[in-house]
Structure formats: C-alpha cells, structure tokens
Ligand SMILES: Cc1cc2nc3c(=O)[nH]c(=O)nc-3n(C[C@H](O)[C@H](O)[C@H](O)COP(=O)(O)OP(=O)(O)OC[C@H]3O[C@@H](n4cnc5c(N)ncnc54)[C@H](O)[C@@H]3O)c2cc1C
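A single chain, nothing else alongside it, follows as structure tokens in the form predicted on its own.
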C-alpha cells in the first residue's frame, strides 16, 4: 500500500513535488486560494488580467529546462523579449539589456501551473490550520476545525511564516531563512497613454518594477493592464498603513516616473504581499526542510533564496530525497 502525503500549497513547489511523487504515494494537495498560483497567480477584473506576483522567470538548471520544454512546445510557456528600461526620479531613462532568455506563462502566469495540474488531487479554498499526530499518522484540520483526513506525511510548500506556524518543528529549523513583503499596484490604463517601453527596473523610488502586463505574450494588448511592485523596504515600513493611502502614494509615484497623466488611470487596485520576496540563503543550501523521523517536510522558493526556478528546484530536490525514503 502506498503511503499517503498531504501537500500544503499548490504553487510551483507543491505541484512539482506532487508530480514527481505521484507514482510513489497517494497525494492530496490543499490550497487556500480559489485557484492555483501562489505568487504566480493572476488577478482578473472584467476582461482585464494582472500577473500581480511573479512577472517572468529564467531557466538555468537542466531539470527546470526539461520541465518547461513540453509547455514551450504547446505555447503554455513563451519566451519574453521586452523593451526594458531603467527609471529613477533624478536620471534620464536608459535601455536595460537582458543576457539570458526570460519566460512567461500564457495567457497568465498561472497558466504553467494549470498545465502542470491535470491528474493531481487538489482541494482548493481549504486552509490547513493545525496538525495533530495520532497513532502514527497526521490528522489535518481546517480553520473551522473540520478534519481533512489522516496522512503518513505532511509537507508544506506555503510561505515561510505560514509553514513555520503550521509544522511542529524546533525553532532553529528555520534559522537562515526569511521573507520580505511587497505591494503590487494594478492599474487599468489604455495602451495609447503608456510609454513605448514594456517594462522598467526602478531605482531610488518606493517602486522597484513596472510592467505593462497586457504586452506580455498571449495577453490581450487592447486591454491596458499595468503592474507596479514596491521595494521590500518601503512595503515593510508601510505594511500596516491605510491601504487607500498606500494605493494613492504608489499611483502618484508611477505617474511621476512614467509621465502618465493621473487622469489616464481609469482604475487602481492594491495587493499586499506579506510574504513576497525570499532573502538569500547560505552558499550551498540543501533546498528543503526535512524531519524524516516525524515525516514532516517543507519546500519553496524561500529555501533557495527566491526566484520562480528556486520554487521548482526546492520541490524537485525534496522529491528526490523522499523517493529514497519512501
């Protein structure tokens, strides 16, 4: 009989782990959101779409390139070749070259995860709140106290603070890992009112990144959708501020940097990512957390210092180790 595994979180790390272990275990994924994605999720409003988390990804490892190959062939993943500029309040813009391929999923960043999910047992809109060990198995309970089942293993691919709160592991397990916040500003602006460049790295500003999301491959170019991300430091200093004021401040900063008229902004939304950016970790990290005796584990981009590929690599490494143990 195959062992049973509960995976908390259906982002890239969790889906990678589930796909690579499904021949060896009975796997159930629990995702608190309405859809797949985590920080690769896509916000919708009417016909507009904003990729308000990860904007793109690179592929440097052989394993990640192998994962992407069939999805590139089907068009679920597309290379992105944007016109990139650099902005700052006190300097003229200048072009910013990229020296390696950058990719996006289509028609939204969560498209890669949707393409990876067929055949997996995923329960959406379910927040795993607590664990309880009984007779050698882990019982999972949601935020209403309802039992979600009993499992041999529990693995969290949720952000670090949520994983730390959920898994009953020693405090020093999490030493060396950290995550920082970020604001995502989502604007509706007609394309003709925007500059000619497609995305910008921003210096010396509360904003660090601006992308004209509708110009990414596979999007509707007629529906202007802007995503602007704040710096982690600015988000941390203003995390509990009035959210309408934060939205107003960042919108004004976007207009000042880009020259877009405030009157051209038809609508503004704000998303507060409390756990957005993983900090760098030690030089040669294992890439996951594992207590084999208690059958608890964790993976995610925070185990390897951030980036989309780090989420894949963490799940991939943990899957290899668990195949040995199972």
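In this text, all values refer to a predicted model and were calculated from it rather than measured experimentally. Numbering follows the first chain given and starts at 1.
Beyond what is shown, the protein has a form predicted in complex with the ligand; the following relates to that form.
At least one heavy atom of residue 208 is located within 4.5 Å of the ligand in the predicted bound form. Within 4.5 Å of some heavy atom of the ligand in the predicted bound form lies at least one heavy atom of residue 307. Proximity of residue 166 to the ligand in the predicted bound form: non-hydrogen atoms within 4.5 Å are present.
Remark: residue 276 counts among the residues lining the ligand in the predicted bound form, judged by a heavy atom distance of 4.5 Å or less. Of the candidate stretches 197 to 205, 170 to 178, 127 to 135, 234 to 242, only 127 to 135 has residues whose heavy atoms lie within 4.5 Å of the ligand in the predicted bound form. Heavy atoms closer than or equal to 4.5 Å to the ligand in the predicted bound form belong, across 1 to 27, to the residues 8, 9, 10, 11, 12, 13, 14, ordered by sequence position.
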